[in-house]
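Next comes just one chain, in structure tokens: the form predicted alone.
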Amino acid sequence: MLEMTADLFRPGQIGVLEVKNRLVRSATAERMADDEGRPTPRLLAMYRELARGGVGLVITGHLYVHPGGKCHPEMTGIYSDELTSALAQLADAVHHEGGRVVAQINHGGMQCSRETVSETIAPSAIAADFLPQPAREITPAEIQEAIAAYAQAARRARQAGFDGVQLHGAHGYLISQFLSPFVNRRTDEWGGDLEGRMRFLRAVCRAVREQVGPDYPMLIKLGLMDGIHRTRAASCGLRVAGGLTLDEGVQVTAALESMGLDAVEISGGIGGGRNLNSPSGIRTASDEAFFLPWAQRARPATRLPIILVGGFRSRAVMEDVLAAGDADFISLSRPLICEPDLPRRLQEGQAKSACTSSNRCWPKGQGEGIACRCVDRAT
């Protein structure tokens, strides 16, 4: 057991970035920013606490790259140079505690709320029961604008002192919308077969690289499968076979290294399939690591480090996954909301997170922020 524990707490490498252990804080929307997207003191304190708690790498909650891509109120922004100094405080907070931090950059596309944008866009016009409002088809000029917005956001992340950027390519946001045949029904060069649907991601990666240089760590959170099936597509009035399949997701994974990416975090789910990435009631080891079969499919397809998220709670399960070589890093979300110092606790011998996966983390109102609200949390 001591040898396996050492694997969990030995350093890892993501591009040129050395991470002190194999535990990653997966991006979690904190809802701790002002109306312009500036982080509040509460968010700085949260990041300090996470770094102090021993996690090897903090990935920020998603930062919106364009005003038209703001997903929800109180979302942190990276769309303007005026925000760079405030964002630098986040990076400094983590570095001061000896941690490393990567900025996750995102455009919400069709999944922006009515409270934040008056009109949503998607690769193709779409109206579905899980969307805040119908989305219109993005124009070719707006596609180029969005690509440039990702690139400028990455430039700001580097200037602010973040140790890298992570593109959000999962959970039905704009990059995953382009990958998904459920959403992307375009007949121009931005749609069609999988290679056409990957064109937007390739263009974003190329534009980001031009801004940050060849060695700056660039990661992606990738949804390997949408979880949208033929019957669900039909119920939304769409004449498509369904969403991105696992076979296609593995093909995307195989192409990531050629796009200049340095690591892939595996996730899944889009819109109505979000239950894929946040199921409740994880109580036993058999409930954990629910994306592990996907990682096992993706592993032979890429030489990139795999960061695996998905219901990890027990130290033994984390160690088994690393020991088998199915993933290189373990990514945690809700357990670190419950116990920001969980990495230190695990290293000191705690066997399992106290998180009960009741999905009560998300705030119900303004000013609350994300927090553990489980009255039945484990002891």
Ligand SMILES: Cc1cc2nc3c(=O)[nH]c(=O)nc-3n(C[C@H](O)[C@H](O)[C@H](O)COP(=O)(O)O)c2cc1C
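Computed from a predicted structure; not experimentally measured. Sequential numbering from 1, following the sequence displayed.
We do not show the form predicted together with the named molecule, though everything after this point is about it.
Heavy atoms within 4.5 Å of the named molecule in the predicted bound form map, among the stretches 49-57, 32-40, 326-334, 342-350, onto 326-334 alone. Taken together, the three residues Gly61, His168 and Cys361 all lie with some non-hydrogen atom within 4.5 angstroms of the named molecule in the predicted bound form.
Though the named molecule is absent from this view, in the predicted bound form it lies within 4.5 Å of a heavy atom of just one residue from Thr76, Ser180, Gln104, Thr253, which is Gln104. Checked against the named molecule in the predicted bound form, the candidates Val309, Val94, Leu219, Met110 yield a single residue with a heavy atom inside 4.5 Å, and that residue is Val309. Among heavy atoms of Thr28, some come within 4.5 Å of the named molecule in the predicted bound form. Contact annotation: Val19 falls outside 4.5 Å of the named molecule in the predicted bound form, judged by heavy atom distances.
Taking the partner from elsewhere, Ile370 is found to have a heavy atom lying within 4.5 Å of the named molecule in the predicted bound form.
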